[in-house]
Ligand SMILES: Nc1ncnc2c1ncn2[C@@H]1O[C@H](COP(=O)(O)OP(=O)(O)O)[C@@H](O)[C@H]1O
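Here we start with a single chain on its own, the form predicted alone, put down as structure tokens.
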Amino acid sequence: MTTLLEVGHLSKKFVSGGGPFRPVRSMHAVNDVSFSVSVGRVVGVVGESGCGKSTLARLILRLIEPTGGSVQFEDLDLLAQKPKPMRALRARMQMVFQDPYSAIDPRYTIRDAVTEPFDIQGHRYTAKEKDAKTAELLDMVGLSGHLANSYPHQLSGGQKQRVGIARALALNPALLVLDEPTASLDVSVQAQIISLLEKLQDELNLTYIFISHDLSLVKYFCDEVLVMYLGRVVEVLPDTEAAARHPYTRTLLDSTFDPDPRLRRTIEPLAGEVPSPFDLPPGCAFAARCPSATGKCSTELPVLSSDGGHPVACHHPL
């Protein structure tokens, strides 16, 4: 398979505080993350809130600048690009945001929203050509062209998210980063959006990075899964049927409920507290909550290794 995106040792450190009564504090929202994405694949990113998923998404698209590492997209070093070529490259990589209610400017009509990418990229279309582009994009995501003159407040959440997807598709991207695109939608609407994304992937040969809290949805929709914990990738599942090797991944997977009451099981909650991201322990950040932890786990940081199976960062993999 052709590699579309290659991320190497990517990190982002945020610094806060500093003053007469507050010391300077720093945290690694993303810490030494490496992975690759092949053309046509759907790579899921999962983990608890605050583990760095959305920061990773923004780093990949260079919406924020990393502290270190590299991002190669279509064999180009994104971090070495000057502003003008970087803007042109963004036509090939787009993002669909979590909240459809705030992702679209409320002052814009739907026509303005979906054709804004053409203006940003310097495409000079007449009003008639913009109308045709708008109708084409809305039809692509299952919306009526009659909505072109509507404003966001006149649309439902599901319709707004479809508009966000249409806007992301305007410039024929190769990569879509989907930051929890169904999180704020009703379950029935979530199914419609996922069905739409599957259809678009088949028709347009799209590649997705899919960020989600919904493990059942990730298992259904994704080809492989990155599991993050406090800024680091702790496991890479090569497919959604692979058995978890990291205790944290096992806990995540065990927390999903089966709709069949006969298959439901008792869930044992994790003990201990999540460490502060501003004061991580020297060893494994999960050690205080892990039933398999030993003294080595508290002092020595595990690295992502494929010994014995797929990649996992654990001294005592399952």
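Position 1 is the first residue in the sequence shown; the rest follow in order. Please read all numbers here as calculations on a predicted model, not as lab measurements.
What follows is about the form predicted in complex with this ligand, which we do not show.
- Using a 4.5 Å heavy atom cutoff, none of F35, E65 and G69 lies near this ligand in the predicted bound form.
- Interface residue among L252, L59, C51, V42, judged by heavy atoms within 4.5 Å of this ligand in the predicted bound form: C51.
- Mapping the unseen interface onto this chain, M27 counts among the residues with a heavy atom inside 4.5 Å of this ligand in the predicted bound form.
- None of the heavy atoms of N31 is located within 4.5 Å of this ligand in the predicted bound form.
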